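The same protein chain appears twice below, in two forms, each given on its own as structure tokens and labelled structure 1 and structure 2.
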Structure 1
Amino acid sequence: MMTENKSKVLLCTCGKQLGLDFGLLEDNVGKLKLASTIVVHDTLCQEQGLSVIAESLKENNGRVVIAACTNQKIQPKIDEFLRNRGLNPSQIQYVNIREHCAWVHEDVNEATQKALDMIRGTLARSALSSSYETARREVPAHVTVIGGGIAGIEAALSLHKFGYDVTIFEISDDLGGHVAKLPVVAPTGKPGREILSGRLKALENSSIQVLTNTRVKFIEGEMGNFTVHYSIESDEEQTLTTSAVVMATGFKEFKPTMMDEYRYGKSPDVITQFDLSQMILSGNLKRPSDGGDVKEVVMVQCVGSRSEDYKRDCSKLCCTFAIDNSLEILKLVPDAKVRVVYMDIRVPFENEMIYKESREKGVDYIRGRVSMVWEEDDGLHVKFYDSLLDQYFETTPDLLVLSTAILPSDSLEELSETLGYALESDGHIKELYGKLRRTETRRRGVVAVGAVTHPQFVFESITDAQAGALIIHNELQGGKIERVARGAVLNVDDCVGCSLCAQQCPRGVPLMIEQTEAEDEEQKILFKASIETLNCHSCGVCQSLCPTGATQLCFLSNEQLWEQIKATLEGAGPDYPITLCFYCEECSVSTMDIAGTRHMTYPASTRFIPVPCAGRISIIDILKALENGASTVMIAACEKDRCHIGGTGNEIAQVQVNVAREILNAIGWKGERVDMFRMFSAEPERFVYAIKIMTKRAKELGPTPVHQGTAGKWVEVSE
């Protein structure tokens, strides 16, 4: 270690409720060279304790180590208290000695030793810390909304209320999208145009710029400095500078022309629900083939939905569309016969009442399948199977209406190539984290609202749009971004232009910038990375992949983590095999904390080190842990496809683990010393199970060759 910066250590007894030997802790921590003074306090989270923390920041350049309960509980309270007093809490480091030590280990001595080791490691991390200040950046107070349907209009109006200049790009010649063509919007009972009318009037009375018949070709740049390339009615390309983008391009209805069994596209009397909606709205409910009256209608559900060939899951809206349209038909033709052929009816929320109303008014729901559709001289023929009666029926409806799948709009894949959001397997935009970070995408400054993420009812799209607008406002802060500069920083001189950071960043933050100035043209690196720290989400994936260490988190450098590993494992060896666990500060720490709250016991031969994301851990970090005495190393990460940073941090960590295992097997150290486990916060049993597996391996495998004293020694080869 190149520094001996000391930190003050505050030990909290949690109201004298923790089963640790605080006398021993105070005595031993006091002997550590990186600890300045030690204070034992009963309630650091209360007013008196908070005042002690505030006073402690005046020493050691603000370096403080707090050993208490989970930082998920205590840190927000401490941060608020200090910031309200103009103090900077950025160099406070936390050690959880309650949920991770006292509450999970029955042997007081072992629990106390674990707490001591983790405090020692955290002091080493603290010694190399530096404060990170609030940074400011002015950006245009302008947001671009792509899509002029209900979600796009609502997002634009919300952003306008927040004080932003807004431009709406709409590819068609009119606003309103699908909603404008709906005769009724469930559960309101109102036509779509009535739902839209107030919003359209508000648009007219605002300064929001609306560009119809406009196609967005691609978008480049980053949050605060996007450039939108677009054309109006195929004219020359134009550009617009904007600070954020709202994706609200809605959905498209599946057209089942390839499904010959329904005769769609061949018989004019076979239409989709949306076709029917337009007929009802226009008041022209007639047979398309000859203009005759409509007396009998057969509707077919799940056409293209819940199908391995077209759309694998339920399209959510189709049942409600069918029910709404069946009621509208009965309003226009009270004696009409309406049959709905279905396998399952799915109508959430208040729509259940509309389903009940339709049955009471005579709509006939038939559980079964359509087996054949054909045309004869007397018109359209439909044969269907009723599974409840176990019988086939044949009828000659005036209309066969197909409730077809809801698909993502055509432009999403094309725009994703430059805008950088991820797509689901079905083509919809992938939200950052469906449970906690909906509407956000992997690209900072880009939100997705409405049906671009999945099929949504109108009221859901409206709520989605309002939420997306609020996220944008929280990011841009009215064009005057001001936030703690906590994230990745780049030493451009060390960058070799490999582009791994730009390729693998879950949020698409690093950009590769062309180098236009160089003394030696032959040795010139054409592109180097550029990172805007204020756009960074602080996962550390770029750092774990960077071959030169050019990019590192300002709050957790390589040297900080390596020194923490070394100090935490001080004294580890063959007599007491240690399992070192790196855990992400999202689902994993919640899982571990719940295990502590429930007093679920597991072996004390464990040591924990927090990281912002599992993707921060590199192969070198893992090998450093083994080199410094860990017998086994585990990473506790979020569940698959649930990474809180952007869906890929834990997958990158898995790759690091896999490669580390291959290296260990190659050198004879046994790859099973390293493993990664996925966590759900509500299932603490997963963590306890994982810990027990790894501590068992530690005992079976014993110390690494480093601690057997054979590593690095020459071995003579006998003839």
Structure 2
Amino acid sequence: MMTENKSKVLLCTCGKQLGLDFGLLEDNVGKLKLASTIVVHDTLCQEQGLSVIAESLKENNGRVVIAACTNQKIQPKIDEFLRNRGLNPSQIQYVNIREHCAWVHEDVNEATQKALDMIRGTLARSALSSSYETARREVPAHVTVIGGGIAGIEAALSLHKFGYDVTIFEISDDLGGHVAKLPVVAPTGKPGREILSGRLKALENSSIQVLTNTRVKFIEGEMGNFTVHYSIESDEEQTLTTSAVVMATGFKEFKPTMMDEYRYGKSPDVITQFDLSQMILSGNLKRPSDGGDVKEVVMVQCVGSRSEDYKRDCSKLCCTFAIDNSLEILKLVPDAKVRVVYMDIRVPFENEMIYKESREKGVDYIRGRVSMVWEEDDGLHVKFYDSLLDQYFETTPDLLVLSTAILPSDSLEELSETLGYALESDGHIKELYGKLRRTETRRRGVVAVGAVTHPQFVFESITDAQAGALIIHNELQGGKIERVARGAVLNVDDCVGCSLCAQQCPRGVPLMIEQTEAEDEEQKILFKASIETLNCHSCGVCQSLCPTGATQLCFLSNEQLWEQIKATLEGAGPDYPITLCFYCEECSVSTMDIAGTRHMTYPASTRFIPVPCAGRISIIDILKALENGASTVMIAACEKDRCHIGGTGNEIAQVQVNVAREILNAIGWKGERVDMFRMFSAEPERFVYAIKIMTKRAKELGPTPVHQGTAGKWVEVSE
């Protein structure tokens, strides 16, 4: 190693409270060949300590290793301090000697040895680090909104106020979507047209481009450079370049023609709630069959919703919708008899008061199910079961109104193929993360607002659209993107065009580009990957899958990780079997840190290496750990379906672990030396449990073939 690859080591004693042998650490770290100088400090995170860090950056090309408490807490503070002084903190590496060593091991010597090994490993990682900086990228300040309903309109208006050029694509001949057809919008009590009117006027007075009767066929490209392919009526295809896409195609009402029991589509007097809305809106509340007066109405809730055969979930809006329409009927025909047959009446918050009002005005609620509908000469007959009275009743209503399920709009699946957002099992667009990132999708630069993700009330869709506009503004920053270029970098010369990265990236960042300009005739037919580092979420899934090492994280290359593994495990042997744990810096680091904060204890024969996401770990990384003397290898990852990166990093890791185990079993190395565990920061005992299993296995399985000297060495094949 060259001398300039040495790093300065800063050891923090945490106010002299840390139960480690700092004298021994200082002596031994001083002997490490990759350590330049060592400073032992009592409080690195305080003002004076921060100045020491700032000074240290001036040596060794900015390479510093900080051994202190969890970087999850001090790194933001350190980064901020350094950036304010114009310093680049990107080459600082951290070792957690508090929550991961001193606080969780009873034996000071063992804890100190662990800290020393992990510092040695981190020095090796540091030696190969390169710096990264803030990068800038200009993109068109144009956003495309698909769907001209209330959510789409609101999103367009918000984005316009943020200063973006906006184009709205609407498939029908008019804007307004379902809201335009509502006589009353809960809980405002106002008609849909009134809610739309101010917005439509604002649209007219803006430079927002509105394309009606327009179908979006497909969209290709990536955030900052999407191309929308569309056609107006049946004219030929046109294209538009845009930087981000808002999906706002709303929902569609379920038409229960296949449900024989309700006679929808067969008897004209059986209608849906939206059909009823339109009758009310037009003031023409008559029996469709013969134009007779409407005196008696039966409404049925949950038609197609909460049903194993159609839609499993509740459609949320239909109860309120039915009650609103009941009250509208009573306004038009005060002596009408309205019955609502339901399973559970679901009216959130103050909608409960509308429910109460309707009961007081005489709407009859029957808990039960409609058992049969048929037509006779005197009209429609409905038989229903009342579960509270345990009795069947028969009636002859003028209208049977079905509160049918709210379904995703058409064409979501078709567009998903090129636009890359994920879909829920019910066909709606899948939210990036249901708790905190509802309006974002798997694909960066594609936002979904309103009922396109799940049924929403009008005011909720408006809120959604405003929030969605903010998300896009955060991403595009007015067209002048400025972001730290910390992520995957592709060396296109090494790419063989296998497309694994493009297929498996959790955020859909890599694109496969046809090599049309290649000089070599053979290259021309090839597709090669292209990765925009500024769009990358830095998980490393592409790196762990890439067969040639063409794509690598700029802050954790293959060489860096392998050198760290090797250095961490220096001296690992059969007498003190070591468990090497790769942990993701999301749920896993939290779980481990909290186990530390709670001073839970576990065996010290463990060595930890952080990775941004478990998906960064490849089969080779696992095998390298064994090759260098680990007895067992574990990966700590996020829970199933709860990958922080976008949903799949942890599952990719699981596949890598499974394959590694198969390989080990095939060559007689015992696959159970490798395992993966799911972490959860509210349950820190999960980590302790996992570590105990793996250290026990390390003892029980005995020396590895590497320890016994019977293993063939891994040989890197170089061209």
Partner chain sequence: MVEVNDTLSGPVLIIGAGVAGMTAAIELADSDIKTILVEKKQTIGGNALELYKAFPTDDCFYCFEGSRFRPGIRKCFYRSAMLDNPNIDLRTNTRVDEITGNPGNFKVKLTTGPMYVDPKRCIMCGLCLKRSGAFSLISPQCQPQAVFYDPSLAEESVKEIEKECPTKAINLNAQSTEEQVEVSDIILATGYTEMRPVNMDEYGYGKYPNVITQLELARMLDPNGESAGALIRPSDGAPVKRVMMVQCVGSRDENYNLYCSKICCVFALKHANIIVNERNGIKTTVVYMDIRTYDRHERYYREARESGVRFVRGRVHLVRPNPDGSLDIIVYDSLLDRYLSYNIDLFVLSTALEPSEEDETLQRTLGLNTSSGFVAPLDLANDSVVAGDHVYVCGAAMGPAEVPESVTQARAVVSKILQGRQ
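Here, residue number means position along structure 1's sequence, counting from 1. Here the structure is a predicted model, which means the values were calculated and not measured.
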query	finding
Form predicted in complex with the partner chain, given as structure number	2
Same rigid part for E413 and R215 between structure 1 and structure 2	yes
Rigid hinge motion between structure 1 and structure 2 - rotation in whole degrees	8
